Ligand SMILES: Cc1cc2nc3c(=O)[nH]c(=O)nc-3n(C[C@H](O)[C@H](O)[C@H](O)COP(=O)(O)OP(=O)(O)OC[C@H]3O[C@@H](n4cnc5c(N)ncnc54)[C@H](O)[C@@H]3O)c2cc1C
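This document opens with one chain alone, in structure tokens, the form predicted alone.
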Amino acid sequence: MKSVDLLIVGCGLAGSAIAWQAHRRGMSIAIADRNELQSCSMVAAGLVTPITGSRAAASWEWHLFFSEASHFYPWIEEKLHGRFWYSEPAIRIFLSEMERIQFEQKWFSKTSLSPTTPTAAPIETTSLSGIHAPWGGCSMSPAARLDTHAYLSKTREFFKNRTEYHECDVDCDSIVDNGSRVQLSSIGISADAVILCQGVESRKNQWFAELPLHPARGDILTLEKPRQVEVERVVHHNVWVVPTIDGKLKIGATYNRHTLDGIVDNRPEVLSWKSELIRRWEGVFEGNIQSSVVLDHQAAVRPASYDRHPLIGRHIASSRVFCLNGLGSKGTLMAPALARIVLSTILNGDALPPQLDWQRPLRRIKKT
């Protein structure tokens, strides 16, 4: 068997962050991944937003996560000679007078203490290019977007060229911890430790089937950009709108906890979600816009947790088996820092922050 420092199962946003953080530390690694084109990470819009939710709250642990992400992705861009990290303010359109007042009270007078401090500034309605904004809107900084498809494709290519990426469907029940090493005989790998970054698939193996995941399906549409629509930045309205580098638009996303698959077909519920996204999209603009041409409809299941905080740490019975999971819709933002934290636990035995440890009391909640 080939001996490595770390075996990584899964190469989505979580697994790829582990791979890069380990690579940066000079560790030898092996990645086992199915290379799915419709995985949650591949489908994700990659939005990084500082102020979220109906309460206009700063994204949880924003400074920690954004500080890491804003250096991590540009470092990889430089290494791969690619472009997939786009850092620029995002626009939020207020959907009520109450929302406008919340932002005014919480954010408009706030001074930026550092480049990572969330800020919001009102914008002139005349600058919104026909967007329906009777209560106005604001520009949120710092914000960013990751082209997840480009990033993950280039990441997999990089590690494949180093013979560290193995495209395979791993049966995690075949991973053996013999007390001194972990072994995965199907790809001939022996490692000091293994970290499982499988999202909702973790429910299907013996190691982390009891993770307190509370998954939700998200649907995203890719549209042909109507001629009269001018959207140059990410816009958060009753739907988020993302302009892509090839001149198209992505809109999303739905949030459903009952149909937990990524299949796009003619089921009534799937057609209903598509119609709902189009309805929200058309409500973004004042007056009528030309019929929306849907170029693609994608869906995937987010590996969220009950308290919407990540689930990371060591297996209860094995000191060499770890997980990085539960990132939900914030994988782009959280993955780089979480990967560093997990590696510090693996390499140095550092204690995990209690609010991240998957064994916190929340794990006793039953799955639904």
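Heads up: residue numbers just count along the shown sequence, starting at 1. Keep in mind the model is a prediction, meaning the values are calculated, not measured.
What comes next is about the form predicted in complex with this ligand, which is not displayed.
Legend entry - All of 45, 253 and 329 with a heavy atom within 4.5 Å of this ligand in the predicted complex: Yes, each of 45, 253 and 329 comes within 4.5 Å of this ligand in the predicted complex.
Legend entry - Interface membership of residue 336, this ligand in the predicted complex, 4.5 Å heavy atom rule: No - in the predicted complex, heavy atoms of residue 336 and this ligand never come within 4.5 Å of each other.
Legend entry - Partner proximity in the predicted complex: residue 155 to this ligand, non-hydrogen atom cutoff 4.5 Å: The answer is no: residue 155 has no heavy atom within 4.5 Å of this ligand.
Legend entry - Contact flag, residue 36 vs this ligand in the predicted complex, heavy atom cut 4.5 Å: Result yes; residue 36 sits at the interface with this ligand in the predicted complex.
Inset, instruction - Could you confirm whether residue 218 comes within 4.5 Å of this ligand in the predicted complex, counting heavy atoms only? - result: Answer yes; at least one heavy atom of residue 218 falls within 4.5 Å of this ligand in the predicted complex.
Legend entry - The unique member of 124, 232, 97, 169 whose heavy atoms fall within 4.5 Å of this ligand in the predicted complex: Contact with this ligand in the predicted complex is made by 169 alone.
Inset, instruction - Scan 29, 32, 51, 343 and let me know which has any heavy atom within 4.5 Å of this ligand in the predicted complex. - result: If I apply the 4.5 Å criterion carefully, the residue I get is 32.
Legend entry - One stretch from 98-106, 218-226, 134-142, 85-93 that, in the predicted complex, holds residues within 4.5 Å of this ligand by heavy atom: Careful reading of the contacts points to 218-226.
Inset, instruction - May I ask you to list the residues of 194-227 that have any heavy atom within 4.5 angstroms of this ligand in the predicted complex, in sequence order? - result: Read in sequence order, the residues that approach this ligand (within 4.5 Å, in the predicted complex) are 197, 198, 199, 201, 218, 219, 220.
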